[in-house]
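Next up is one chain by itself, shown in structure tokens, the form predicted alone.
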Amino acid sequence: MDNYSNYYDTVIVGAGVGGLYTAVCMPETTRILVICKRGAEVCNSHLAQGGVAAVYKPVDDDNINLHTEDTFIAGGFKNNPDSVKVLVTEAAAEIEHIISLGTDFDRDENGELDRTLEGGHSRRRIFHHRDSTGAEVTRAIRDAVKKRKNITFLEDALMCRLVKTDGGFAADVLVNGEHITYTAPYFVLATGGIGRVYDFTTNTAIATGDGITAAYEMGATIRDLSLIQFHPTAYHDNSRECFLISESVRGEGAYLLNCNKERFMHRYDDRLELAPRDVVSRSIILESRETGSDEFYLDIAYKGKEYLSERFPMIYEFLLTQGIDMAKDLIPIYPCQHYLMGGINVNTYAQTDVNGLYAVGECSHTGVHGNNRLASNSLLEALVFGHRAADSISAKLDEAHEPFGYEFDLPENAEHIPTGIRTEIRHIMQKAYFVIPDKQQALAGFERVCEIKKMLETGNYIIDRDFVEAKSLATVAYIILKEVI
């Protein structure tokens, strides 16, 4: 295979909403490669339950100023004003577009788009597809992508290395056990979050921070990686990948109860169960210290089976498999890692400070979320800034780019990495930086993470999935703990 046959106009790494939407918003004359780390449905976007927050054909006195205010309040007023303005102003157009692509949002008895309420929002502005909005939005965009003859969709492909070249970028990608080089003048990183750096997360197995690590190694600015959101209501059963009990369950009236089956949020915030996620998570941890128990529950049984099974079919069916009928029983919950507000720093067109490199979705840092993401602003961020990345790249496509080749060296006589590295990193992060940081654990953990990171960077190891993900987790943990201490 010659070095020039795998040249594209743009390569997009990641196949969640951010990556897919960037691809579908680009001209159909553009040769695009979308690299999907596992199967098409293995991404955090697919797991998103709540919905897309937007002021679209406003009702009930909602407007973009209120959406802006709610976003700033949730983010502790540390949000980037320019990015927030872009987010809320362009939201309506993106809702319109994804509906035209086939997204099936729920509608009321009059056929109008239904809106729900979530924590931190002052109005009902969350557009949803029952309790599996992410899966529906991702499906619709992915179907549109797969109809485009100009887009190559490569599944089960792991980006191992990414380097800047004279002509753009070259990526070493592991496909079916073979290392293949792909080149392009423009690369878009849409690799999602970092959840697998923790023992317990709502994220999928692919969320290991690969894109953030690649950008960091190329010298891109990484901002606020320690701004991690812990979702207050993950199903509590000690599974590594925690099932999320959506924010919208509280939005529709669920109560939070402590181990004594008593409501407690009034002791911590006047907004009660509808306070922003960081407030609720911290309240649960403080309440657990008061009661000496990590037993917490959601109670929405009073809404009845007919309503709950229709409004939350995925959650309802999952809980039944766990022996819980949410129309009769309490739902055991506890905070766990959920989302990343920091990431690869970008401007309002998703451009990094490495020429030709873009980042969209959770791996990016647009600044829209401030210190804490407002519920259902995440899918919106991926749509708005994915579209802007597409526009920015499209405007440059007329510039002459000559195909170029690149060869990556593979280590000789290499060994497999030692076992247990990823597990050790997860344990360190869970102890050092979970909801309320532990400074002493963070200092000790940082020292050990530095040792692991250096070992992986200087050792002679086989470049496979285990190595790439371990190095990514070590790099992510290093950056987070360095910020914390």
Ligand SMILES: Cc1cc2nc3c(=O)[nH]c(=O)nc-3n(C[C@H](O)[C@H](O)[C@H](O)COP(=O)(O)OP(=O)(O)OC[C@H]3O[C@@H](n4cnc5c(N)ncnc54)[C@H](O)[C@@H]3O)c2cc1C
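In this text, residue numbers run from 1 along the sequence as written. Small disclaimer: the values here were computed from a predicted structure and weren't measured.
Absent from the display: the form predicted together with the ligand. The rest refers to it.
Residues within 4.5 angstroms of the ligand in the model of the complex, judged by any non-hydrogen atom, belong to 49 to 57 and to none of the other stretches in 448 to 456, 413 to 421, 49 to 57, 426 to 434. Between the options A350, V197, V249, L379, the residue in contact with the ligand in the model of the complex by a heavy atom within 4.5 angstroms is L379. Looking at H338, you'd find a heavy atom of it within 4.5 angstroms of the ligand in the model of the complex. The ligand is not drawn, but in the model of the complex it has a heavy atom within 4.5 Å of N203. For the chain shown alone, K37 is a contact residue for the ligand in the model of the complex, at least one non-hydrogen atom being within 4.5 angstroms. The ligand in the model of the complex is approached by G192, whose closest heavy atom lies within 4.5 angstroms of it. Contact annotation for the candidate site: G19, N44 and R373 all lie close to the ligand in the model of the complex (heavy atom within 4.5 Å). Contacts of stretch 239 to 260 with the ligand in the model of the complex, defined by any heavy atom lying within 4.5 Å, are made by L244 alone.
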